[in-house]
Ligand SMILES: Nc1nc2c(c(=O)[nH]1)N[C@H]1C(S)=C(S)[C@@H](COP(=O)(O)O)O[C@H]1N2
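Shown below, as structure tokens, is a lone chain in the form predicted on its own; questions about how it binds or moves come after it.
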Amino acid sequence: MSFITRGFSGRSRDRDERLPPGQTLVEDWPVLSAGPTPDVSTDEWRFEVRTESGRHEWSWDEMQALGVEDVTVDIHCVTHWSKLGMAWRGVPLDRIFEEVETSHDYVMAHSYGGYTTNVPLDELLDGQAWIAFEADGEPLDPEHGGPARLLVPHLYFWKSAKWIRGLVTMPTDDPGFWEQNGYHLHGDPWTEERYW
């Protein structure tokens, strides 16, 4: 008989090292939304960045012209599911912020439909975030955030705002929708920053 109680054995030797603590692998990614799915065509879609010094806007075609990248990343939902090695296509936030100047350190992501989430600006740059249009080789379905969503894979997936329409820079880290309702301001899956 062991003197160590079950649960103190640590990670299983066959557990995938890409899987953060408390997460379970899924084949399909579940659809979770905080409201109705907006119907936004690519003809109507606009993306805007507002800073303390002005406003910058891109149409669908103008966004695509900034340069689309293929990336393969893992995604992790606060509700304990993860999907590993997902192929995405999108425009890196680095390209967008080449045209934008700000002294602010934070942004609020705004979605069609009214959803918001806050993210530190430095976590959107240096190859860490994209405006994504495709996942697993297909255009994003509306229920998964199409036509475009923010993709910030190193944070819990609620930070990857569906139906993205813009970013507003902020001098302070003000909470967005889920953050006002008890979710962590930051959302790192590796340290399980799920709730306040």
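Each residue number is its position in the shown sequence, starting from 1. Just so you know, these numbers come straight off a predicted model, no measurement behind them.
There is another form of this protein, the form predicted in complex with the named molecule, and it is not shown here; the text below is about that form.
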Options 47-55, 60-68, 123-131, 30-38; stretch whose heavy atom lies within 4.5 Å of the named molecule in the model of the complex: 30-38
Heavy atom of each of 81, 149 and 160 within 4.5 Å of the named molecule in the model of the complex: yes
Do residue 115 and the named molecule come within 4.5 Å of each other in the model of the complex, heavy atoms counted? yes
Would you please decide whether residue 77 lies within 4.5 angstroms of the named molecule in the model of the complex, comparing each non-hydrogen atom pair? yes
Considering only heavy atoms, tell me if residue 43 and the named molecule come within 4.5 Å of each other in the model of the complex. no
Check residue 143 for me: does it contact the named molecule in the model of the complex (non-hydrogen atoms, 4.5 angstroms)? yes
Using a 4.5 Å heavy atom cutoff, which residues in 89-114 contact the named molecule in the model of the complex? It's fine if the answer is none. 111
